[in-house]
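Two forms, one protein chain; structure tokens for each follow separately as structure 1 and structure 2.
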Structure 1
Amino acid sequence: MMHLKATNRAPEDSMDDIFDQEFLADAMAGLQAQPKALSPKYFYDARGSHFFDLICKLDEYYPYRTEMTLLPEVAKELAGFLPDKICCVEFGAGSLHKIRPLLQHCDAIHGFIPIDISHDHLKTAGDKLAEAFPHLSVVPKAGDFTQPIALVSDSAELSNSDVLSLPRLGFFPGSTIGNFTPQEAIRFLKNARKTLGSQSYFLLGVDTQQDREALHNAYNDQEGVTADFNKNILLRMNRELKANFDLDTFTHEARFNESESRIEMHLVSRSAQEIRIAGEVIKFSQGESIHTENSYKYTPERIIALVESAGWQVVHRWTPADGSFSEVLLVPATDSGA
């Protein structure tokens, strides 16, 4: 699931202030399209982030549990592929939970640059990490991790840090790469290569689960947490865009699209209805859905094809016995441009 936070405003703000214009424009464009769709980045207000944390603790949600079990093994072997000293750059770093197994088991990491869109949250998490690993130079960088980022710009702390002189290891854990379409994933990987430089490494988490029952259960948990997470985007529109969605008239549905090899999350209208949002009327027919998120599942062959299309090549892959997840170590392809 994608963890890229969008701007969120408090519900008590006046209506003149409450409309986030980007959110409004994206919501109207998505809901007026055929088929209807919304960007998953709008899941992540404070309430949505809380639900996602709960999802990660569910028995059914294998990606988080599997990766956290796999990462210590990866970290112990990772140093054998890296220079003696390296700076790790984590994209979409969030709360900095997944970097900890690498730091605990890989002595090659001397610098850490976490990138996330939320500056305050990132600074707080970075300070806590620096306390836990006092030998580590932690220099947070606020920005949109899907775009190329000049690590030396607009940050005196970063520009003056010696971590910039070290070779770089990109880190993109979780299954967030699966939230991008293949074309978007290729664009992200190309942009990451620009951020990291031509002499870099990249550790990429990829969901490789192919068991249909496991996939269904992971996105349709018995407690209904994923349903609450999905419907939270409707609550956000009610609160921030003066919409009037009745959550009880929409059903959470996660389905596997065989031809695209992806789980799709939808909110399905139980009846024909009209919704108002920022003064505009949006019509729904019975059974019509809002497509809220994709989660692509990659076979090893598809992973190789994806990263090679973006100018990277696979040098090693770690996979648990059940084959449900992979950590893939990449280096820039030798025949690619800088």
Structure 2
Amino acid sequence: MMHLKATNRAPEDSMDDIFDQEFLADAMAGLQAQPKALSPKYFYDARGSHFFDLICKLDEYYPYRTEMTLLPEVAKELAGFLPDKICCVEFGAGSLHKIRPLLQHCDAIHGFIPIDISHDHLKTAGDKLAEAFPHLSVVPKAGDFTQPIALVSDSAELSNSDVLSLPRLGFFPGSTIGNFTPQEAIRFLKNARKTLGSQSYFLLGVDTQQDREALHNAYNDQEGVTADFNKNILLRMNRELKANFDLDTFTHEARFNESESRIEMHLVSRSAQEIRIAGEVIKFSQGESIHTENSYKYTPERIIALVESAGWQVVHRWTPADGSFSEVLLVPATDSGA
């Protein structure tokens, strides 16, 4: 077992250094566990974010297309639930595609704080959005949404921004919530409630697809883009953690786990092999996998149970005719002291 030295981080330590140390500790723990597993947050460097954008353009990947078709309708009705002026805080904001229909159809949004772990990609996307919406105050924030996020303390730009005084609308599209286990999702939603404050709103996009064939195709596309996206986690470990994975010796697999109601993504070793990472040896048997992502599929009833366990309540739900996706608007539950 590898032991990492505790470090006293100087204020000038870069965000990259902090992420690298966490990445190394998490990768070692995940590869030494049984079964082997890595957090999906490590897919996303600039290359991983680019692959995700390519996935969104695939015919098979219904969640992106379905939500983008739904959002203008949501946005037109959203203002009726919100105060006149609001600041939107988007978690896992990616290329900032999903905020655009909200901005085009809902005048209430005056400030925008997109949060993402893929910091270079976020900065580029933030600059483009600010250019397209010159009257919007855009304050991107690099960060990990699995940890509690303080919007004020560590950013002079944010601390000086008047958008912070506005009531907040959390926005978590893309069914990224499905990458969490239900317990993790509850923890995230509780943290988000603290970040956003007691007078807040939360717009959550959740995948409610139940058609097995559509699910299989969405994560096993013909062009192999999802496979490239999945393998980016190996490439990142090679580049950033001095590992020596041979990408051709691992196969992308996406399987539906019926009892958990989730798609699981795996990287399966084609042979018995040893890899080295940061001076340690990790053994793989033939057919052994690294579990890289879950994507839980919820029913409307299970969404309600999930958000209520985290101190939120559903005030409205939008859904397309085929029922394959849900956009739900939440407010803090009145009887919740959290």
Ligand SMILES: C[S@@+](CC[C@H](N)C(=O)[O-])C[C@H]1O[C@@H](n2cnc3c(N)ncnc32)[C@H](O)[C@@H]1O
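The term rigid core refers to the maximal set of C-alpha atoms that superpose within 1.5 Å between the two forms. Numbers given to residues start at 1 and step along the sequence of structure 1. Keep in mind that this is a model prediction, so the values were computed, not measured.
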Quick check: structure 1 or structure 2 for the form predicted in complex with this ligand?
2
Superposing on the rigid core, is the CA of Cys87 displaced by 2 Å or more between the two structures?
yes
C-alpha of Asp207 off by 2 Å or more between the two structures on rigid core
no
Taking the rigid core as the frame, does Ser118 move its C-alpha by 2 Å or more between the two structures?
yes
Cα of Lys141: shift between the two structures in Å, core-fitted?
4.3
How much does the C-alpha of Asp107 shift between the two structures, in angstrom, given a rigid core superposition?
2.3
